[in-house]
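Taking the form predicted alone, here's one chain by itself in structure tokens.
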């Protein structure tokens, strides 16, 4: 995928098939177990392709001096029990500004492959940092026709939400001590999509439910599968 490290998982069957782009969480990478698990579901249950690239400063991509400073600031805030949003939100915005063009270039390259092809259905799924990158990506990229998001600070994402009109599935933790429930609900309300669903689970930010991976797979099967 050019100079950006990435992974593509594909079904064994021949012929063009839908593609789901995935975005990993902060501190993770393209081969994180969440990416591998989601890809397995999409490939084996739906016969789709799944692809993910390392976000800037993650995985096989070296951190810049600014990355190191931002990560250190986040660790200090966490150690002190201070709010994380003042550090995480601008950090995510900066990474998204770089990653969105990278994802669009990756999509260009993937659609040149005969097993994917141009014009086929494309989805996007991302939680945490993957959502912070994915929302401006989906807002800007007309080839993406369905998206699943969840679990990040919404502060800088409202403008992108208003420009997203494709079907959306949005998940949150009702009892998160890190991301205010009211802000996540306001973001969901801001999506311009005529079709959108909200999934809420009791529990803390890190207590993710595997059932959401199954739900996302069914969501993409409905919206990307050929008629």
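If you're wondering where the values come from, they're calculated on a predicted model, not measured in any experiment. Residue numbers count along the first chain shown, from 1.
Heads up, the form predicted together with another copy of the chain isn't pictured, but that's what we're talking about next.
Of the candidate stretches 154 to 162, 191 to 199, 57 to 65, 33 to 41, only 191 to 199 contains residues with a heavy atom within 4.5 Å of another copy of the chain in the model of the complex. A residue is said to contact a partner when one of its heavy atoms sits within 4.5 Å of a partner heavy atom; residue 185 meets this definition for another copy of the chain in the model of the complex. Looking at residue 178, you'd find every heavy atom of it more than 4.5 angstroms from another copy of the chain in the model of the complex. With a 4.5 Å cutoff on heavy atoms, residue 203 counts as touching another copy of the chain in the model of the complex. For the stretch 53 to 73, the set of residues having any non-hydrogen atom within 4.5 angstroms of another copy of the chain in the model of the complex is empty.
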